[in-house]
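Just one chain follows, in the form predicted alone, and it is written as structure tokens.
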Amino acid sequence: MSSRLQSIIDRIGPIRNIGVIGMGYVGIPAAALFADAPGFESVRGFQRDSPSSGYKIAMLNRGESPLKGEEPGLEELLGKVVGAGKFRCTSDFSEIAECDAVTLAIQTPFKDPKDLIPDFSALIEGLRQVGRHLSEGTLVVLESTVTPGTTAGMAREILEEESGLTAGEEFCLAHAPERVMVGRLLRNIREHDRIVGGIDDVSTARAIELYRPVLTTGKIIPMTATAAEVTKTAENAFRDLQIAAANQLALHCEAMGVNVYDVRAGIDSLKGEGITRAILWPGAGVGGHCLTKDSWHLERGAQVLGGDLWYPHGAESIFGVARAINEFMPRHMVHLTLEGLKRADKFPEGATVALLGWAFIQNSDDTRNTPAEPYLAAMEEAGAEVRVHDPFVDEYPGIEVSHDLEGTLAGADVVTIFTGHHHYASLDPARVKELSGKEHPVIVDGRNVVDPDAFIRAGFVYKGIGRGDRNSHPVVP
């Protein structure tokens, strides 16, 4: 423990002013909750005034959320903390100098998972901004999911280089990974246990001071910074692995003429002491910012920090295999679509596909790494015209996204459900068929949201992920 750093913290006193860098799905709810905590005086949200995201600054300062979709309580909380003068957003990073604690919630994607080199450019720029304006005694926390070793390695080096201060002696440094899912952001931050790992005991204690006031049922789990990094990447790698197992089972059930959802319910029914059956749900593909790349952060960490340790990357790695299975599912949706068209005596060339759902997760506008994108590209390459509908997504680069469901369905040879938005669960087979104008339109359900029998009775050709019991049904005249 550094007595020098502790004496600086004692002189500064409790954390009162907080900065949150990155106004996205993690930074916005975190900033709002910090601002709502009675013990904190002010929170600044730092956002670049760029052509693509600068609009967020004015919206947030009006108390409006730029995140669309269903986020219970978020807009109301933003209005409350802005109205109370406890939160504002700015593009002036020099104000970091006035903060007692600064968190960074910046995306860390991979350009190409095959080479295991992440794109840390945005995170590096954020760290440089913090370092240039860092004050003695400030706590810096990485909330971004990173390759294990990043906090005590690259992040520490950049902050020390830019500030001239020494981590663990003159400022605190920690990793406290976000653990949120869109659609439940505030609830997740309050209720999930918080992993907190400092580069030293003083940093860990200061980070615990920052996060404890926003937790309700969640508790603090302290550890080292590197252990915290491994924890976050591993928990997402395990979730990806569980989804891959469900997807693999779904493919097997299709081949064997079995309903995977019956099998899943049977597996899940076995409960008792020492029994764990954490079986997740199959689907059209895995998207989002986390699961699509966090396995690669874990794998890279083992390479970077492993030294001479034998390491099975690539086809021999169970996490790599899981990624391959989940990345395959959009291609399987293409296969189901082509099989459905064949059963309806149609070809993909000239077919019209109504693609329902562009967000990667239900009832959200989050389109990051949407699995619908490779499906669209493959169907267009096969000669089909693809129309995209999503009730929450307003725009996407290079893609026209409609909010007009009936207009999207009009004249469709195929209706493909990629996202489980609640709007699609209430699709009426007779009305969809009427809009399509086809004797035997095809419906491909990637999320098990419609009743297969209702659509089959209406004359549809039905195909569904894991629905081996229905995928070869007789076509009703």
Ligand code: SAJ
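Computed from a predicted structure; not experimentally measured. Residue positions are given as counts along the sequence shown, with the first one as 1.
The following text describes the form predicted together with the ligand, which does not appear among the structures shown.
J.: Would you confirm whether the three residues Phe46, Lys86 and Arg190 all fall within 4.5 Å of the ligand in the predicted complex, going by non-hydrogen atoms?
T.: The answer is no; none of Phe46, Lys86 and Arg190 reaches the ligand.
J.: Should Asn236 be classed as touching the ligand in the predicted complex when contacts are defined as heavy atoms within 4.5 Å?
T.: The answer is yes: Asn236 has a heavy atom within 4.5 Å of the ligand.
J.: Taking heavy atoms and a 4.5 Å cut-off, does His133 contact the ligand in the predicted complex?
T.: Outside the cut-off, so no.
J.: Check whether Cys99 has any heavy atom within 4.5 Å of a heavy atom of the ligand in the predicted complex, and answer yes or no.
T.: No, no contact at 4.5 Å.
J.: With a cut-off of 4.5 Å between heavy atoms, is Leu77 one of the residues that contacts the ligand in the predicted complex?
T.: Judged by the heavy-atom cut-off of 4.5 Å, Leu77 is well away from the ligand in the predicted complex.
J.: Though the ligand is not shown, can you say which of Met181, Met223, Ala205, Ile220 has a heavy atom within 4.5 Å of it in the predicted complex?
T.: Spelling it out, the residue with a heavy atom inside the cut-off is Met181.
J.: So which of Phe360, Phe319, Phe93, Phe392 gets a non-hydrogen atom within 4.5 Å of the ligand in the predicted complex?
T.: Exactly one residue meets the criterion: Phe360.
J.: Heavy atoms within 4.5 Å of the ligand in the predicted complex: which of the stretches 173-181, 249-257, 101-109, 154-162 has them?
T.: So the stretch in question is 173-181.
J.: Pull the contact list for 196-231: residues with a heavy atom within 4.5 Å of the ligand in the predicted complex, in sequence order.
T.: Read in sequence order, no residue approaches the ligand (within 4.5 Å, in the predicted complex).
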